[in-house]
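A single chain, nothing else alongside it, follows as structure tokens in the form predicted on its own.
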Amino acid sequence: MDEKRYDLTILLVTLILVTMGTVMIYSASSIIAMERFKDGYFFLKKQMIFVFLGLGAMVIMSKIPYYYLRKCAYLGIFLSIVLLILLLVPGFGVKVGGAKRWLRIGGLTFQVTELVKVAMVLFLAHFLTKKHERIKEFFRIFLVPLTICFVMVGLILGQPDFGTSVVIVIVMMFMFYFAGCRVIHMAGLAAVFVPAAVALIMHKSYRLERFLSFLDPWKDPTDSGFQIIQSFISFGSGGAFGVGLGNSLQKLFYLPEPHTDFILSVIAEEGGFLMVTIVIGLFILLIIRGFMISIHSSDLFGTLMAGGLTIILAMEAFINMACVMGLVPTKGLTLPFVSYGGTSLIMSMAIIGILLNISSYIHHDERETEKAFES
């Protein structure tokens, strides 16, 4: 058996992004932390704990053979549904910004949907691998995944969290494509999902307002258009090379939550177009390497798992960066590895650990991998 070789490029890019994020979180949050908690290092100290937990998760997931995860596929889905239901139970769900996305069990608080996305990918990778010989048969392949997806999306929309629901549906569609499902079936599903998404946007006034603000933020610059306008100002102020680390003015209570959803805006102001280009380039490299791991995986399960996890990171990064640049309506998704947040960082680094694990088997014979799983 060949010696394991991890994809060092994806590891290095991840560590660079985490380091940049940690520095920028302190820069973006120190004044807010001093105002709220009388401690300028408040968010930095918490983020450092999350970083070490994330590194631990990454190391653990890189060591556990990825094909063992198939045994957890159904358990992961069951646990995800239970946790999503618990969010609706008084005393468990924590409402932040008008949505119950955080679950409190004892002294632990975490965002359930971060776990749900990974569990969904694991289940789909296992199910589509198991049913691959009949991948062209619509009802045998689509019925079970669609039912589970609809249950999860329904529970997530009840929080409400429209953005994460969209991410889960898109990830599922991509995994169907990776598995070789017929294009006509994919087109049929898209013909159902797109009108449904439009109807959901029209159904809630705040979603429609957010969309109209995206089209013309200057129509209501002090309310619905305020966030994106402040982000535009950050990008404009930064110019080519930025105003210097720590010198952002928009983080001084102008830009809402500069250390979370809009951290790229602070990076743009302090580091300029150059630093934003570097961040985007790192994410592009990360995503390319993730897809390369998927393409060269030694078995179908690894291919689907790596592809689905890479799509999660790609979607979250794209949506966050597109939002702060005004390319899509604003949505509360963090920038992976860079934004402040424990659950997001830990799960993102766990994803990297799984990708590293899959990459270490690329040079192994496929029969050896399958034999190891069967044993």
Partner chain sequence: MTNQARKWLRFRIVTVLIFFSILFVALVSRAFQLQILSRDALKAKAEKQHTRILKIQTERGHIFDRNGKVLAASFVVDSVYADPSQIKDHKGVSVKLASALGLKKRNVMEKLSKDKKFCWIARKISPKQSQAIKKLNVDGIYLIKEPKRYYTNKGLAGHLLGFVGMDSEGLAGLELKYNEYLKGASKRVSWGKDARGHRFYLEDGDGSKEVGGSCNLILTIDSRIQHIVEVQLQKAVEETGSKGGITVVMDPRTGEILAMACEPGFNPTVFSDYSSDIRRNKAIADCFDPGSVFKPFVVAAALEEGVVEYDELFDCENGAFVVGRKVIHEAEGEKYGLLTLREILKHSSNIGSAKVAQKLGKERLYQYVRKFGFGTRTAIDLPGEAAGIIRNPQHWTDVDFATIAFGQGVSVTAIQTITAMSAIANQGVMIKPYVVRGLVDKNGKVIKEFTPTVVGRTVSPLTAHRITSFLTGVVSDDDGTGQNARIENVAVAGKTGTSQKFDFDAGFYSSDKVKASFLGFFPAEDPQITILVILDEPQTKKWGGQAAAPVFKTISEQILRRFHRNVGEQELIADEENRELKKISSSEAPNGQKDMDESVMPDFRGMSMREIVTIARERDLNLEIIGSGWAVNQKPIPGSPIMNQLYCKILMSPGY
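Treat the numbers as computed from the prediction; the structure is a model and nothing was measured. Positions refer to the first chain, counted from 1.
Keep in mind the form predicted together with its partner chain is missing from the figure; the text below concerns it.
None of 80-88, 153-161, 111-119, 299-307 except one has non-hydrogen atoms within 4.5 angstroms of its partner chain in the predicted bound form; the exception is 299-307.
Exactly one listed residue, out of H132, H185, R104, R140, brings a non-hydrogen atom to within 4.5 Å of its partner chain in the predicted bound form: H132.
Taking I148, A179, V169, A73 one by one, only a single residue has any non-hydrogen atom within 4.5 Å of its partner chain in the predicted bound form, and it is A179. Although the partner is absent here, G326 sits close enough that one of its heavy atoms falls within 4.5 Å of its partner chain in the predicted bound form. Among residues of the shown chain, G225 is not one whose heavy atoms approach its partner chain to within 4.5 Å in the predicted bound form. Put simply, M321 is close to its partner chain in the predicted bound form: some heavy atom of it is within 4.5 Å.
Heavy atoms of A190 never reach within 4.5 Å of its partner chain in the predicted bound form, leaving it off the interface.
The three residues A240, Y254 and I284 all sit with a heavy atom within 4.5 Å of its partner chain in the predicted bound form.
With contact defined as any non-hydrogen atom lying within 4.5 angstroms of its partner chain in the predicted bound form, the stretch 145-160 contains no contacting residue.
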